[in-house]
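Next up is one chain by itself, shown in structure tokens, the form predicted on its own.
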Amino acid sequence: MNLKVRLPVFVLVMEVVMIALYAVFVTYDDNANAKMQNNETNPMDNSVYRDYPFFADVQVMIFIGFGCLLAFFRYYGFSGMVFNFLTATFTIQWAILIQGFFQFYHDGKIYLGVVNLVNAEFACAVVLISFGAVLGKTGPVQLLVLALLEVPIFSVTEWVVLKYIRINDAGGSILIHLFACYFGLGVTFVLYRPGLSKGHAKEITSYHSDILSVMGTLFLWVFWPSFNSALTLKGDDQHRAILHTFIGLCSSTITAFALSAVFNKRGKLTMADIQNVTLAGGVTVGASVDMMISPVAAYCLGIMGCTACFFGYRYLSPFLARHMKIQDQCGIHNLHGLTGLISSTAGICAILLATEETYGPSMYQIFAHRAPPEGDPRLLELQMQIPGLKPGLGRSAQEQALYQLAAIFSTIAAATVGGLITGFVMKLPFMASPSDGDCFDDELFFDMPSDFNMIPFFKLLSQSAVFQIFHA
């Protein structure tokens, strides 16, 4: 039984399961339900006008940004882009169901609106980041199984952290970047291929594949402010998130160019640095992106994230591959792991420094768990200043910082264990895993055009005897 049977059977089974679950559980939320509209309803108050722009921006990141970015291998461009497309579409529809049970489930129904789609896209981003660790070494069935298992594990972890530990993580540095990174590392550890320890003949890039990958970087770069600000409180919080993300991305980009030139033996730029390291600032501002950290702090975080990411690619990734059996194909530990740890640490510092003098009464909206609990006279005073302020847990800054720290360790632990388990499932014989020799090769999965293995004409000409004679 080959891919011709395995992939269609898997897809058919999952479609039947999802049709049944959607039919039983999923319905429209109030903003999409015609029965909830009346003569007094103003159509322009519909949440679609508030949420859809962010949904559209993140969708561009998911399908075009990640897709192009993963197409940097010379002989694996089809697979990088198309398997990203396949995995993303499956993940989003699966995440709508799984996350719906934890976040939007009431009265026996999952109430579907655009905000559900945004949340599902974040779950999809988690899967695609993890995908980067095993790029080129897995088949489409394995990737769908990765998504099938990672989404529930991620959703449970997210639910536990947000409901019981209760943290601030507007940009997802802990729950998206750290989780995705260590889940992916767990998977790639189990799928370790000793035959590829010294590389693969087709594990190379080309002029055109690098250009396509940089296009992906540019799409991610441009829309990252929407990613970091999509789920923040509307108003000044969201405004700060956009500003901080843009500043962090700018500082990490120019730092990446400088480091790339300095550490290149010939003083030239390396495309891998431009494709990946320039994005580090978007991650490092994530945990504190909606806080009053100041623009200069966002600038410094961008530099710090870029520096850690750059040296991670240069020294840490080879070390992990040689000594810890972690073949991190896209270097997700550098772009999402190291920067996620820096971002989480910065978030803790921002929480410890937050005071009413800096934030005013709105501090208890941003740090909702520090608001006074129900029955506290101070809560009534604050509610007079901020109507609608909800009771909190009365945590101090130090207590909230400790909970943030607990969330970091618990998220990494859950992701690592989940990744190891998923890796063992993906390693089962019937998962249609490519052999070592077939890795990084589109021909295993696609009908390729006739020019796939052809040497470009200008290169062929330059090597010809006639050309050499005329230029002797």
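All residue numbers are counted from 1 along the displayed sequence. The shown structure was predicted, so the numbers you read here are calculated from the model rather than taken from an experiment.
The next section is about a form of this same protein that is not shown, the form predicted in complex with a further copy of the same chain.
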Original post:
Using a 4.5 Å cut on heavy atoms, which of 392, 132, 225, 312 is close to a further copy of the same chain in the predicted complex?
Top reply: 225
Original post:
So which of 321, 250, 379, 368 gets a non-hydrogen atom within 4.5 Å of a further copy of the same chain in the predicted complex?
Top reply: 250
Original post:
in the predicted complex, which of the stretches 188 to 196, 170 to 178, 326 to 334, 360 to 368 has residues with heavy atoms within 4.5 Å of a further copy of the same chain?
Top reply: 360 to 368
Subject >> a further copy of the same chain in the predicted complex: contacted by all of 93, 113 and 255, heavy atom 4.5 Å >> reply: yes
**OP:** With heavy atoms only and a cut-off of 4.5 Å, decide whether residue 59 touches a further copy of the same chain in the predicted complex.
**Re:** yes
Original post:
Does residue 398 reach a further copy of the same chain in the predicted complex if we count a contact as any heavy atom within 4.5 Å?
Top reply: no
Subject >> 4.5 angstroms heavy atom contact with a further copy of the same chain in the predicted complex for residue 85 >> reply: yes
Original post:
So in the predicted complex, does any heavy atom of residue 443 sit within 4.5 Å of a further copy of the same chain?
Top reply: yes
Original post:
Of 227 to 255, which residues get within 4.5 Å of a further copy of the same chain in the predicted complex if you count heavy atoms?
Top reply: 234, 235, 236, 238, 239, 240, 242, 243, 244, 246, 247, 250, 251, 253, 254, 255
